[in-house]
Structures are given as C-alpha cells and as structure tokens.
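Here's a solo chain for you in structure tokens, the form predicted alone.
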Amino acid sequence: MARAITLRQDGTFDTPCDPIIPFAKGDGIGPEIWACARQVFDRAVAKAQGGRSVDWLEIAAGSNALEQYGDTLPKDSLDKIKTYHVAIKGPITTPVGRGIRSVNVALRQALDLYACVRPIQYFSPAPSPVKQPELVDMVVFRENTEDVYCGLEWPVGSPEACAIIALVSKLAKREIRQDSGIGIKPMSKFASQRLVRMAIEYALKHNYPSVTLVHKGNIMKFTEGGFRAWGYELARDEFGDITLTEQELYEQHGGVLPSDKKLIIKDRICDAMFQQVLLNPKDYSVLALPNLNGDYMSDALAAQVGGLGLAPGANIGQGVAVFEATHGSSPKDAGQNKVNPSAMILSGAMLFAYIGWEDVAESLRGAIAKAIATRHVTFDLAQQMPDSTQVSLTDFTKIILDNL
C-alpha cells in the first residue's frame, strides 16, 4: 500500500519504496507532456533496484481547477502538497495584464517556496548560439517570494496608487506622474539570506567552486544592494571557515584557493553578468539572484544550451517542493503532438534526487542525453540542429524510453 513521504526531525526525508506523489497536468501542452513524462518516470523507477513504484495522485490547478472549484489553486490541492511534501506540475497559463493571478506565484507564496532552482546543463549535440555550450554548467537559485513579483501593484487611478503617489511626494519630495501604475519592490534581509544559504549549501554538497551573487546594487542600493551585502554577511557569519570572498582570494592569496577553504563567494552586476555567462561561462557555477534577475538569467542561460525545452526547475521551501518545467503552457502548440518533453522529465529527475532516489534521477538524465545524441528530436531542437530528423512528442518519448 502506497505511503506518504515523511519529514525527519533533521529536515531529511524518509521516502518509502512506494511514495504517493501529487501531480497537476497543467494547461495547454501540459497534459500531453505529462502523459509522456509519466511513462518515462514509471519505467525508470521500475528499472531501479528495490522494487520501487510511485503512486501518482492528481491534484487540480489551473484551468481545470477553475472549472471544477471556481479557483485556479484550490485549498485541497495546497493541502495535498503540504501532506506529501513534493509535487510535480505541468505549465499553467497566466493571462498577461489581466484576469487571474499567476498560479505559479500563488503556489510559491502560499507554500513559502522561497527558492526557484534551475540547473543549466548542456546535452550534446543540442543546438546553441554559443561556440562552447559544454562550458555552461550552472545552477540558478532565484529568490521566489519578494521583489517586483510579490504582487504589490495597483492600476492607474486606483485609490492605492493615488495614495502612494501622494505619500512619495510628501516623504521623498519626488513627483510621480498621476497616470502611473504603481508597484512595490520589497526585499528583506531574511529572505535574501535564506536563499543564499541554500545556494551555498548546494554548492558545498555538489562540489561547485563558487557562488556568485547577481544584483543591480549599484542603482537599487537598498534592495538589490542589500541582497549583495546580506549575502556576503551570511557567507561570512555562517560559512566563514570554509568560504572566501573573491576579493580576499586575490588580495590575500594571490588568486590561489588555500587548502582550508572550499568555496569562493563573489558578486556581479546583473547586466554585466549577462555578458559574462556568454563570454566566460566556465568561471561561474552556482548563482544566487533576486526574483526578477533570476527569471531573466535562467531563461538566457537555457538558450545557451538548447532552449527552454531542456530547462527543468524546482520551487523549494522548508520541507516542501514543487517541480515544473521552466517553459510556459504554449496553447498554440497544444494537441499537435510536437513539443519537447525533456524539461518536464528533467524536472522529474530533480524531484527524484530531492527525495533521495539519485539513481532514478541519473537514469533519466542519461536517457535524455542519449536520446538527443540520436539527432531524432522534437521541432524546437530540430529546426536549429544540422543533420537532425524531426520527430513527434510521442516518438521522441519512445526514444527516451529505449535509452533508459
């Protein structure tokens, strides 16, 4: 009989051989890629040692939830994710500039999934606009709950917008045009430091050489500048015995990491960092960023290794996590049996690694790598990959299954 994953007192998971894992199919292309990804997950788990299996539990989120419950993110779905600690979901449509709020944002805020984690890895011979995509091996840690994504904004002419405009005029002696929409950008020391802490712990666990704080602190001195300062403070106070700042590395040690240190902490201005990841990707490994910067950076990095069709992601909090492909729901492609399931499958690999099934995760990543190497790939890769053959979603899934 299937059982729930439980959380030990030390924060680690006790995963049974037959865990219950909630899933939401998503909107647009979501149901198609979920159906294919689930086949791959079940095959990979069945092939692993230990007689393991997954009991998939469907939860409602997005358009189907709106139809059934009148809410895009019902309380029952949130409760199930809390109960079972992990979930995986397909992409969910969010209207631009109108209508419902983002289900993704609502999930992150309701469950305090404060870290969006997006590993960027190259699978040869996927198409790339850069000369050496194999040098790109980075993991993005994006703060998920604050910044301009927190939902504190009001339309032009609203009482709230007018009140804030008047308050700014009174306190800061600065005039804001009356026909302005207003948004607030809160960034706290608490949220910034817990994000940086997770990034540092991940880098140490996986033997990455550096964590880079990416910010726009030269302009937004008290929000993004605060993120930078708080990140360095956290590294010094909690990991000072094994970390070293980049400045200390060169001023005190001639650029050579001393034997008693394991990790370099550095920072970059976000606009300059876009150039750095193109020209010097080998110099960066784990990145810690505020919300908006992390969104931009992770998508730009995905483009360097083949696009969003190969970009997995996870939203992680304290003892709970939701895994999802980075790409959107792409309604125009729905029902055409053409999209790439790799991002969803790689997100599943992250899920399995998170619950302690690293062998299953490795088999999934290996199967994706071997499938792409056949050059029989979905349209997003085929249109940019010389000497490739375009195949359907279901045919590409069969290739992945054959390579498990």
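The model shown is predicted, which means the values in this text are computed figures rather than measured ones. We number the residues from 1 along the sequence you see.
Below, we refer to the form predicted together with a small molecule, which is not included among the displayed structures.
In the predicted bound form, the small molecule sits within 4.5 Å of a heavy atom of residue 308. Within 4.5 Å of any heavy atom of the small molecule in the predicted bound form lies no heavy atom of residue 143. Using a 4.5 angstroms threshold between heavy atoms, residue 312 stays clear of the small molecule in the predicted bound form. Although the partner is absent here, residue 339 sits close enough that one of its heavy atoms falls within 4.5 Å of the small molecule in the predicted bound form. Using a 4.5 angstroms heavy atom cutoff to the small molecule in the predicted bound form, none of 139, 208 and 347 count as contacting.
Proximity to the small molecule in the predicted bound form, defined as a heavy atom within 4.5 Å, holds among 243, 212, 326, 72 only for 326. Distance criterion of 4.5 Å from any heavy atom to the small molecule in the predicted bound form singles out 33 from the list 33, 351, 377, 364. The chain is drawn here without the small molecule; in the predicted bound form, the stretch among 176-184, 326-334, 159-167, 223-231 whose residues come within 4.5 Å of it by any heavy atom is 326-334.
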